[in-house]
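Here's a solo chain for you in structure tokens, the form predicted on its own.
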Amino acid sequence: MPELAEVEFERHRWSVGLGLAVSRVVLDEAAQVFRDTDPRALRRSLRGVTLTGSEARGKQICFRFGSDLWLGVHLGMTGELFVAPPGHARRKHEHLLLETAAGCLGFRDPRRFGRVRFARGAEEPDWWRAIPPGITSDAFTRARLAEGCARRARSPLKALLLRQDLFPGVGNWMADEVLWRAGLHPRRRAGSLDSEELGRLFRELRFVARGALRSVGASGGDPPRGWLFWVRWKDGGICPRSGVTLVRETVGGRTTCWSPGVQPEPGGRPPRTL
């Protein structure tokens, strides 16, 4: 599942079409990705209209056309945006093509868990406005984090960080990275954090989100060296901070990597250090 930074990178793929009008719209009307919209209305409305902007929020992208048309894309597990040469013929799993003078802006999704939405209006549509504040936005505050932890006090931190209604865009690898940097065990209950631990969690959430956007989001590359990302899936992986062998287990229904060297188990002994 693409996370915050991967979604931002995908958004940039269609930037070649900014300021250009859509001359042709090709889509698969029966595709499940259009389950929340009328594909024929989308086709009629976008033809001849200029792509004026785009924005990513969490795991979703919204493209603006003209002054009042909104095209939303949720990539799902396997969705991706692409650009093909002008005149490109739609292929299998390619559910939407918008042709411009710079090429065809396309959306493909082999497993069809993604979603395309469409709306007309001067104001943001409900499905876009409902996305909670992003981690890097001014609206995401320490108080908001504390409130989320209090409301889900019994949730393991790993499960809490994956809640898109609280932390839009955070996925499996980002959650592991944040907790490792904050020195918090993924099985810690959200309601057990003290003020200092909440501060660390808030600081590392922002740090990881911003760092991922600068690296992965800007160029499609990988996070910086020294991040847990580089060793979290290696058998016998070593914690970059403590030199202790990493542990992998299921927490909150998701495979999770953590370091006994810096993330003490709930109620256990302090972490080991070199």
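In case it trips you up, residue 1 is the first one in the sequence shown, and so on. Take the two forms, superpose them, and find the largest set of C-alpha atoms that agree within 1.5 Å; that set is the rigid core. Predicted, not measured: the structure shown is a model, and the values here were computed from it.
The protein also exists as the form predicted together with the DNA; that form is not presented, and the subsequent description refers to it.
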Taking the shortest heavy atom distance, is F207 within 4.5 Å of the DNA in the predicted complex? no
Using the partner position in the predicted complex, report whether V83 sits within 4.5 Å of the DNA, counting heavy atoms only. no
Hey, in the predicted complex, is R40 touching the DNA, heavy atoms inside 4.5 Å? no
Is W173 a contact residue for the DNA in the predicted complex, using a 4.5 Å heavy atom cut-off? yes
Picking from 98-106, 199-207, 139-147, 152-160, which part of the chain touches the DNA in the predicted complex when contact means heavy atoms within 4.5 Å? 152-160
Across 59-82, which residues bring a heavy atom to within 4.5 Å of the DNA in the predicted complex? K59, H74, G76, M77
Rigid core fitted, is the C-alpha displacement of W233 between the shown form and the other one 2 Å or more? yes
